[in-house]
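A single chain comes next, written as structure tokens; it is the form predicted on its own.
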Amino acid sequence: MTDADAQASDSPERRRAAWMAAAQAGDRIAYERVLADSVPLIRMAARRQGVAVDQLDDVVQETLLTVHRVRHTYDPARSYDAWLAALAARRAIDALRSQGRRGRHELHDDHAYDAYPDAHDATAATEREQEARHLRKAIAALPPGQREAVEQLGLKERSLAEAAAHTGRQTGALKVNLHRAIKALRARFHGES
């Protein structure tokens, strides 16, 4: 029985702390033991952060790599479990952020971009075309005064003075119609999406 085993016989947390202290002193076996014993704690910390079951192994691996890189920062006078839980929580949050950044349009096939490099660009272009058609249709459905204000001030990007001169309408009327048109378009798009 090693010193680390004798010191840690009273609780699992103290056992892990003793193993980590021994690992810092160069005990390879104690290091293997503490890493193996840490896996359930890492999984639990990751689940508490909301990591999906299919991502747990990735978080465990990243946390174990982090433990290896920063093992010298562990203070044997403090709780090993708390130190490990903090590291696991950070890696879990990293995984959640990464997942969030991928967004809903991500292809989850690692080889898809190699096989079909323009597929994502084509999809985005198609979506933009559909949105533009939808917007044109919504503008066409507006009352004539509102439609004219949108076309002159929004689509053709004319100033109020230019639009008034071109249409023969007063700037105040154009402003009111533009405001009403924008309100109607917002209601239409927010109601349909």
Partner chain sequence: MAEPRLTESLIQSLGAELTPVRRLPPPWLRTAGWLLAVAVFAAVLLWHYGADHMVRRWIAEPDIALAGAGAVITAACAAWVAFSLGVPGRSARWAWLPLPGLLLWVGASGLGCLRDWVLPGTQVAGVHQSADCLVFIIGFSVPLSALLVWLLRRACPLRPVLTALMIGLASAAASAALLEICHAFAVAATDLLTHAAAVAIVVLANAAMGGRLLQSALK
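In this text, all values refer to a predicted model and were calculated from it rather than measured experimentally. Only the largest set of C-alpha atoms that superpose within 1.5 Å between the two forms is called the rigid core. Numbering follows the first chain given and starts at 1.
Beyond the structure shown, there is the form predicted together with its partner chain, which is absent from this document and is the topic of what follows.
Under a 4.5 angstroms non-hydrogen atom cutoff, its partner chain in the model of the complex lacks residue 185 among its neighbouring residues.
Under a 4.5 angstroms non-hydrogen atom cutoff, its partner chain in the model of the complex lacks residue 159 among its neighbouring residues. Not displayed here, its partner chain is approached by residue 26 to within 4.5 Å at the level of heavy atoms in the model of the complex. Proximity of residue 70 to its partner chain in the model of the complex falls within the 4.5 Å heavy atom cutoff. Comparing 148-156, 62-70, 44-52, 133-141 against its partner chain in the model of the complex, the single stretch with non-hydrogen atoms within 4.5 angstroms of it is 62-70.
Residues of 25-57 lying near its partner chain in the model of the complex, listed in sequence order, are 25, 26, 27, 28, 31, 32, 35, 36, 39, 57, the criterion being any heavy atom within 4.5 Å. Residue 44 is not among the residues whose C-alpha shifts by 2 Å or more between the shown form and the other one once the rigid core is aligned; its shift stays under 2 Å. After superposition on the rigid core, displacement of the C-alpha of residue 171 between the shown form and the other one amounts to 2 Å or more. Annotation for residue 18: C-alpha shift under 2 angstroms between the shown form and the other one, rigid core superposed.
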